[in-house]
Structure formats: C-alpha cells, structure tokens
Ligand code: NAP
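Shown here is one chain on its own, the form predicted alone, set out as structure tokens.
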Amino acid sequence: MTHVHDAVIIGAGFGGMGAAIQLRRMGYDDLLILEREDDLGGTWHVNRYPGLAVDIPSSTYSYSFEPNPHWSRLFAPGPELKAYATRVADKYDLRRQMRFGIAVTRARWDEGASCWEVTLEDGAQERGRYLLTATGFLSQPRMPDIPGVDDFAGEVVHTTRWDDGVELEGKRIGIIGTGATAVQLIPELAKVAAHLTVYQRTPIYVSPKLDGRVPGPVRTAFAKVPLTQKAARLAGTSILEVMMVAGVLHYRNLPWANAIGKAACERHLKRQVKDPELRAKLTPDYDFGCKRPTFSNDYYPTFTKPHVDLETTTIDHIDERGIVTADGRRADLDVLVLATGFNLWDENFPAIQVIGRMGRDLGRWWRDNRFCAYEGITVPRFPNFLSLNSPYSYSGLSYFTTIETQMAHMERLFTAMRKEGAEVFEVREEANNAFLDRMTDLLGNSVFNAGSCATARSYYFNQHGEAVLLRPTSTISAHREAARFPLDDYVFETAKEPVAAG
C-alpha cells in the first residue's frame, strides 16, 4: 500500500461533492470519494418515502455557483434533488473518483508518513494526505426503544429505508413520529390507508407552505437571465435568515422575530383545525425554534379526516398485532412506519472512528470534554482533517450555506499552507478553545438557552443538554469569518516523509 491520494473524502452527498469541487479548484485532482450507499446524493438518494420534498424554498437549496433554473416547484420534490446531484457530479467529473458500496470503519493519522490511513469494512486500507468526512448530520437512523418492536408480525419500514414494495393501499397503518419527515409523509399515507394512527410524542411547529409549480416563463427567465434567480435566492435566504438567525439564535435580543414565526404557525393551525381539543394536542408547549420547524399545507387537515387518529398517549409496548398504549388501549395494524429520526449524538458523531495525534479518539474526546470544532471544520490534534459535519458548523437553514462557508475556509487554509511551503496543517488548541468560548457566549442569546426547550426533544441538543449543532451567528458573518480567520490560528508543517507517487 504505497499510493497516497491527495485526499480521501467520506460521503458522496452534497457536502462531499462541494469539498471535492473546492479541492479540484485548488489543484488537488487525485481524490478518492468513498460512499457506503450504492449511488451518490446522500440524503436525496437514501430517502425515497412518499411526499419527499425539500423543506425550504428550492431557490436556496443549491450551490450558488451551480444554480438550477429548472426546479418544477417552489419546494422541489425529492427526485429532482437527486437528479440535481447527478448533474453536478457529471458536470464536475466527480463520479470517476467515487466508489460506492464502501463502508469506512476507521481512520487513523499516520505520524510517520504524514497521511491518513483509512480502513474499510472489508479490512482493506486507503491512504490520503487529507481526510474529509462528509457523512451528513443525519446519517444514522434512530430505531425506537420500545419493548416488542421486533415482535410485530406485519410490515415494518423506516423512513430512511423506504420499501416501495410494501403494500399500503387499504391497510391499517401506524406511524411513530411527527418530525419534519413525518409532516411530509403522513398526508400521503392518509390518502391510501383504510385507517391511519399517528403516534405523537412531541408536536411540531408547522407554517404555511407557499408552494406551487414554477411557471414556464419564470424558469425560462432563470435560465436566460441568471440575475433573476439570484434575486429569488436572496429573497428566500433573507426570509430563512429572519426565521432562524433573528428569531432563534438572537431570541433574547430580538424576541419579536421569534414571536412572528410562532404566531404564523399558531394562526395556520387555528385556521386549519377547528376542534379545540385536537388543536391543543397539535400545539407545541416549547418555544418556536427549539426544534426545527417545517412547512406544510396538508399536515394539519389530515388529522381532521375520519379515518385518521392522533394518539398522544405514551406507547407501552408493541406486540405481533400492533401497538398498545400506556392506558391499555390497542391499535391493530398491518403496517408500522418508523419516522423516529436519527441517532446523532450517541456513538454516531462522528459516523466513523477517527484517531488523531497521540491516540486522540475524536468521538470519545468530544463526549468526554465538549463538542467543538474550530470554525465548525477543524479540530486540534487532527492534522490535515476537515470534519464537514461538526459542532457549530450548520449555518442558516439551507445546508448549502454551510457547504459553501466550509469551501471558503478550505480555500483560505490551503492557500496559506502552500504559501508556507507546507503540506500539513493543524488548528491550535488555544484557537479552538477561544472559538468554543465565543460560540458558548453567543448561544446565551439563543432560544436554546434563553427560551423554554425542555419538552422539545430536539436533535439540536446533545446528551449534555447543549445545542451545539447550529452556529449562533448570521450566515453572512459565518462566511466572512471563513474567508478571513486569523492564519496564525493554525500551525503549518512540512511532511515528515515524502509521499510515494506510485
């Protein structure tokens, strides 16, 4: 094993592809992109459930340097996102560097060779001068910890592993979960089920969805006059910025912004559900923004249909026939759908074992200390390592904002390293600590710290009760800092051993 790639990228979703594009721009062409699934696209390849669509305006959900003027709807359906990912990979010739069906189990920094040794599930190894993990924030499905879930005799399907072969027409369906995925899926299940029972632990804020088909003339204008699409993107981004950054991250200083988002959802619910008892069940008892809100026009009305029941009593157990709640009531089911979200903070952050200098295990170090990555991308004692799914990295509501912020950080970092005549970078411990202190202080103004989030059960919070996923600054500030961070926050070194070219 003598060959060392310029970089090994783990994950072929939008994050991994953005990183590859940026590396190519800087002259690194020997890339190896490893993907455990059988094709590229990440979330938009794995998720195929009925009703799947992007949950923010399509105009904001793409690379700014690679706009798509052909979205069919204001909120594009999932297959169009998958097709967009394919087009980007083809245009930038990324597929030839991708290997599919390859699960990575471990990565270790080889101090003697100044490179990363990546171990695959079959025991094979690859090496790269740089390692980038782009495994997605939400890559490991969470299975419900409910007694008897394995005893159910009917069909069981998790939303992240949707099986189109499961017969739903005329069936008694039960779905566990009411997060953003379920908001899209539940109305679709209600269209075909003989009876649908929705098991809700935590209600979700849902605002009106200004959706519809994008008229042909508008799409033509987007294609021929790109400035028009940039204007639409700016408008959509600005709205999201007010909802997330102003209303959520600056909750203490700008309570009115949070109140606007909350009031919009409450009016939407009151307008669509007239029954006060049902409406009370669907009303969150935590502050707006503690849990990611979403958009839908048909979620609330679904619960007013005679064949749909909303169950808020705790599930006691599942048996071969169906679900039994804590009060002893039973619902016999033919199909059980698990919309139980993702396992983010337990043993799946990071998604693989990463061992840096002096044997530091990234996952253990984060859990034993505090979750942090400098500017949301690099970690002390992990040289030549870029973690694209890190604490304090997610900026705004569009994942592409985060991706392009990290691409800007990469450009500044690698340019500086080359000017130094170096091949190895590592962020200083003191710079990482200072960044963590600043993020912690800023979070004091957020709804996560200043609001009432105890009952939200949000994946934003880790096992220590800290909401460290979102960067508590504006998206403009995040991008500016990525392009201007102090270069002396890093140490640059020459490689200890020449890299074999064969």
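Note that residue numbering begins at 1 and tracks the sequence as displayed. Keep in mind that what you see is a predicted model, and the values were worked out from it rather than measured.
Form predicted in complex with the named molecule: not shown, discussed below.
Asks: Which of these stretches, 28 to 36, 54 to 62, 473 to 481, 438 to 446, has heavy atoms within 4.5 Å of the named molecule in the model of the complex?
Replies: Looking at the partner contacts, the answer comes out as 54 to 62.
Asks: Going by heavy atom distances of 4.5 angstroms or less, which of A193, M410, I176, V157 would be at the interface with the named molecule in the model of the complex?
Replies: Of the listed residues, the single hit is I176.
Asks: Can you pick the one in K270, R201, R99, R357 that has a heavy atom within 4.5 Å of the named molecule in the model of the complex?
Replies: Flagged contact: R201.
Asks: Might T181 be said to contact the named molecule in the model of the complex, defining contact as any heavy atom within 4.5 Å?
Replies: Within the cut-off, so yes.
Asks: Mark V245 yes when one of its heavy atoms lies within 4.5 Å of a heavy atom of the named molecule in the model of the complex, and no otherwise.
Replies: V245: no contact with the named molecule in the model of the complex.
Asks: With the partner left out here, check for me: in the model of the complex, does some heavy atom of T340 sit within 4.5 Å of the named molecule?
Replies: T340 belongs to the contact set for the named molecule.
Asks: Taking heavy atoms and a 4.5 Å cut-off, does P144 contact the named molecule in the model of the complex?
Replies: Contact check for P144: yes, within 4.5 Å of the named molecule in the model of the complex.
Asks: Does the trio W44, Y49 and R292 actually contact the named molecule in the model of the complex, every residue with a heavy atom within 4.5 Å?
Replies: Yes: each residue has a heavy atom within 4.5 Å of the partner.
Asks: Considering only 454 to 476, what residues come within 4.5 Å of the named molecule in the model of the complex, judged by heavy atoms?
Replies: Residues within 4.5 Å: A456, R457, Y459.
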